[in-house]
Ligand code: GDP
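Below you will find one chain, with nothing else, as structure tokens; this is the form predicted alone, and questions on how it binds or moves follow later.
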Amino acid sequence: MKEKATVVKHTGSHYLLSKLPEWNVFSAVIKGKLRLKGFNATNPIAVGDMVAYHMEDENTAVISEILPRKNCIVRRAANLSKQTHVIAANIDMAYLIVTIDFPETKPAFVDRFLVTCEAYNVPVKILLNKTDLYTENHAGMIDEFKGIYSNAGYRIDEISAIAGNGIERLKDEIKDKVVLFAGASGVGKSSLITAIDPSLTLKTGEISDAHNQGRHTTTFYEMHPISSGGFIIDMPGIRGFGLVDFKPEEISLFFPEMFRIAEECRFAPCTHTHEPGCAVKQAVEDGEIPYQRYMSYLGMLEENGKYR
């Protein structure tokens, strides 16, 4: 008899499942090939996936089917092939943790992650962490960052895992939800999760002085139950976020500030690169669309190998 459960951790070919919202974890395996239609992914099953399984014997659960996903977060596989690596599935909210300094989160990383959330229907919010470390010298950078992404329509919260600023508000938001904590290496994801629930003793890494980047501390994708309610999927800190399966004419659709005015372009479809009468290019010139975001967009076109 088949039953259903959620994948809460995977390490290679072994998985841990639980029937959320209950937290009663048990192990499972896959026998044979298992793929979700429409996904050419390096990992057939991701944390957050709902799966059907049966008990082969008293101790062995065998996953037989991946149930349809409401959304997912994907990135290009580490070998830079066209294959997709699914980070997590069925997410109620993705929290992108960024830092203005200590280390600086690169705009290209932020924009690629946000585009992926837009494309795969994942609600996203930006958490500006380490506010306890910022001085008056950082005020201009913070205002510029908030201006860029507020203009695009994203919500931004300033928080501090160390000082505790914004932690209670975050607990309330997470309650009864499955959320993803994502970010580049060194932004303080593990410290933030520990601040939300001190009983979770996750590894934290020091910042490398040589490169001002964080050392990787999370090895596997894993879901954690939070004592105040809800579940957090911890994404390993990464230094790049490659897009995959995007057509050049689609990318601008996932920049909300471009999408809002693209219908005013003289030609359709418009790549917003060389066409006359392009409303997006005009908005960049007028300062209505930040130049930084437009340059990120051009970089994504180049990454697809369709723009030179």
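Start at 1 and count along the sequence shown; that's the residue number. Values in this document were obtained by computation on a predicted structure and should not be read as measured data.
What comes next is about the form predicted together with the ligand, which is not displayed.
Enquirer: Evaluate residue 132 for contact with the ligand in the model of the complex, applying a 4.5 angstroms cut-off between non-hydrogen atoms, and reply yes or no.
Expert: Residue 132: yes, in contact with the ligand in the model of the complex.
Enquirer: Check whether residue 190 has any heavy atom within 4.5 Å of a heavy atom of the ligand in the model of the complex, and answer yes or no.
Expert: Yes, residue 190 sits close enough to the ligand in the model of the complex that at least one of its heavy atoms falls within 4.5 Å.
Enquirer: I'd like to check something about residue 161: if you look in the model of the complex, is any of its heavy atoms closer than or equal to 4.5 Å to a heavy atom of the ligand?
Expert: Contact with the ligand, yes.
Enquirer: Is the gap between residue 185 and the ligand in the model of the complex 4.5 Å or less for some heavy atom pair?
Expert: Because a heavy atom of residue 185 falls inside 4.5 Å of the ligand in the model of the complex, the answer is yes.
Enquirer: Which one of these stretches, 190-198, 88-96, 136-144, 109-117, sits within 4.5 Å of the ligand in the model of the complex when only heavy atoms are counted?
Expert: In the other structure, the partner sits against 190-198.
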